[in-house]
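The data below hold one chain only, encoded as structure tokens and taken in the form predicted on its own.
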Amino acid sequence: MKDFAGTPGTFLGLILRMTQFVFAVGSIVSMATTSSFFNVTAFSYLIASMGLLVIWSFVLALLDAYALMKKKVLHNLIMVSLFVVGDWVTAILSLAAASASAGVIVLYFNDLGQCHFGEECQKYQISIALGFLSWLSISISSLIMLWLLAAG
């Protein structure tokens, strides 16, 4: 398998995993600091998918950091296949959750005229924006993994 930027065990791969982790944690924290997010199913779905992304990204970031410290290459076909499946599943879940939550926010602001939750609406918007940013970083990572699997 070829070694290019963003593959497991590289510095850019670690950076991608850390950005996924940070954006997902930010999304969870922003949403969880509101008092009524659990009343909307799409918001709960966003929390659940970001929680899965936090766990996935943290474990793979630790694996990347270990590989960097030991100067090992993580290009085993079975591991890369697992990374591809995990990245694509979490990417699709993250996009679906962020899109559903964004749809609820559009309903609050555009269709109902305004959000009646006050300051919480800004936290909802921040959480959804961070959800989309985490999806963007995991989609980059999933495309790199797919490219690595196809090149191998």
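The first residue of the sequence shown is number 1, and the count goes up from there. The shown structure was predicted, so the numbers you read here are calculated from the model rather than taken from an experiment.
There is another form of the same protein, the form predicted together with a further copy of the same chain; it is not shown, and what comes next is about it.
Colleague: Quick one: which of 64 to 72, 119 to 127, 102 to 110, 24 to 32 gets within 4.5 Å of a further copy of the same chain in the model of the complex, going by heavy atoms?
Modeller: In short, 102 to 110.
Colleague: So which of Val59, Ile92, Ala48, Val85 reaches within 4.5 angstroms of a further copy of the same chain in the model of the complex, heavy atom to heavy atom?
Modeller: Of the candidates Val59, Ile92, Ala48, Val85, Ile92 is the one lying within 4.5 Å of a further copy of the same chain in the model of the complex.
Colleague: Is the gap between Val40 and a further copy of the same chain in the model of the complex 4.5 Å or less for some heavy atom pair?
Modeller: Yes, Val40 sits close enough to a further copy of the same chain in the model of the complex that at least one of its heavy atoms falls within 4.5 Å.
Colleague: May I ask you to state whether Met18 is within 4.5 Å of a further copy of the same chain in the model of the complex, using heavy atom distances?
Modeller: Outside the cut-off, so no.
Colleague: Are any of the heavy atoms in Ile55 no more than 4.5 Å from a heavy atom of a further copy of the same chain in the model of the complex?
Modeller: Although a further copy of the same chain is absent here, Ile55 would stay clear of it in the model of the complex, with no heavy atoms inside 4.5 Å.
Colleague: For Ala5, is any heavy atom within 4.5 Å of a further copy of the same chain in the model of the complex, or not?
Modeller: Although a further copy of the same chain is absent here, Ala5 would stay clear of it in the model of the complex, with no heavy atoms inside 4.5 Å.
Colleague: Listed by sequence position, which residues of 12 to 30 have a non-hydrogen atom within 4.5 angstroms of a further copy of the same chain in the model of the complex?
Modeller: Contacts from 12 to 30: none.
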